[in-house]
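Take a look at this one chain, the form predicted on its own, written out in structure tokens.
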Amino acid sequence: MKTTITSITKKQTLAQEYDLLGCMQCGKCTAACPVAMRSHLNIRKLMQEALTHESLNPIPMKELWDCTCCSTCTIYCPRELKPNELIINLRGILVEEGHVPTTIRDALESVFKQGNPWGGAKNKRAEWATDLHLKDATRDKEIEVVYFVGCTPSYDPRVQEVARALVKSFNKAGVNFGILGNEERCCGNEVRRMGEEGLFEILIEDNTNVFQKLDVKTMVTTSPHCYNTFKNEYPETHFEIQHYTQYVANLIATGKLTFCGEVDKVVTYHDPCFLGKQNKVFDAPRSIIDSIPGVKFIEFDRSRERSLCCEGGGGRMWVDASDSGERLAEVRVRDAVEMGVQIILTACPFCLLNLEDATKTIGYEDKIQVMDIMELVSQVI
């Protein structure tokens, strides 16, 4: 399906805004793009065509929605251009004109009405923690850490297990923490990458108003996507933003979180794009894994900066998967099995869901297990 972008004035500014004249058409962006392995997404061609608004008529809508916003193209660009930002801008034009997949439209509408993209009621956001009796960070002025749970861990039953495991570790380490409960709203990281800049600005304002009332030193997030947008795209906060791997790694290093059991398993670690490639958090997750007694850790060949994307970012969790070729998460699972790995560990809700789903679609459920790092930690503390 193709659609025509008619916002001519906005398109005419693309060359200047993204310095497209600086593109030397080397093709490294497309060559490095993990999604280009199985999609018709051609970033080099898109950069060239964006120089003239005429050649963007018509633009293949599906091609734009194949992008996961992993930023690999930007990382590899020798001219330090930002092709991923161009794609987000083009998506914004499509959103303005109403040319978006139905599932994306529904997710954005749910964020606007319910504060999350999953369609869950906003007054049920904290139901996952009812039996845990957690402190309310919006009312308790004595807490030091606010745990920002995130949309997926709040509403998805599978990822709720990760949130519960993290709470268990916090309690074991004596962390004085609380959650925002039903006051928590979507961080907006995926909203922006789906092209809804206006809604993203609303979320920034709403969340910032809540954050300003907090008297805490640190905010810890479950998701690298929340961590990324709070750290890099929100106004400066009066507290430190950390992904849970950074915070927990420090708890272990300082002796506040200790282990009383061991795990006799061979594991590997899948680097989430928004934690690794985009924020250079590579060592903290690995230090946690290395500290777990009994674990044998093997690296993927494609790891750290070269890690293969799971295809969950950039709103892809709300887009029907392309049927062209093997999904990257499936490639990841096959690679792990060939390595003799028993557990794939990760530190992102989207990666967890995509990799676990991949084990089912290729019939590997009995060959390998997918877990969040905190789930394994929870077993031995």
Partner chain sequence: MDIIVCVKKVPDTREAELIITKDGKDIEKGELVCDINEWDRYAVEEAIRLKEELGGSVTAVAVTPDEDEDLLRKCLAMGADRAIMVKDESFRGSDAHVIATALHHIIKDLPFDLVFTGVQAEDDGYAQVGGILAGFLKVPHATLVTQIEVLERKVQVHRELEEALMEVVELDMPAVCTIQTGINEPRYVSIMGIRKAAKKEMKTLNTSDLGLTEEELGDSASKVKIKGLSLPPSGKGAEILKGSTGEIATKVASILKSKGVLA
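Positions refer to the first chain, counted from 1. Only a predicted model underlies this, so the values are computations on that prediction, with no experimental measurement involved.
Omitted here: the form predicted in complex with the partner chain. The next part is about that form.
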| query | finding |
| --- | --- |
| Contact residue in the model of the complex, chosen from P293, G174, P78, G198 - any heavy atom within 4.5 Å of the partner chain | G198 |
| Among the candidates D283, E109, D301, E144, the residue which, in the model of the complex, approaches the partner chain to within 4.5 Å (heavy atoms) | E109 |
| Options 92-100, 257-265, 234-242, 133-141; stretch whose heavy atom lies within 4.5 Å of the partner chain in the model of the complex | 92-100 |
| 4.5 Å heavy atom contact, Q278 to the partner chain in the model of the complex | no |
| 4.5 Å heavy atom contact, N123 to the partner chain in the model of the complex | yes |
| Residue contact check: K113 to the partner chain in the model of the complex, 4.5 Å heavy atom | yes |
| Distance check, I202 to the partner chain in the model of the complex, heavy atom within 4.5 Å | yes |
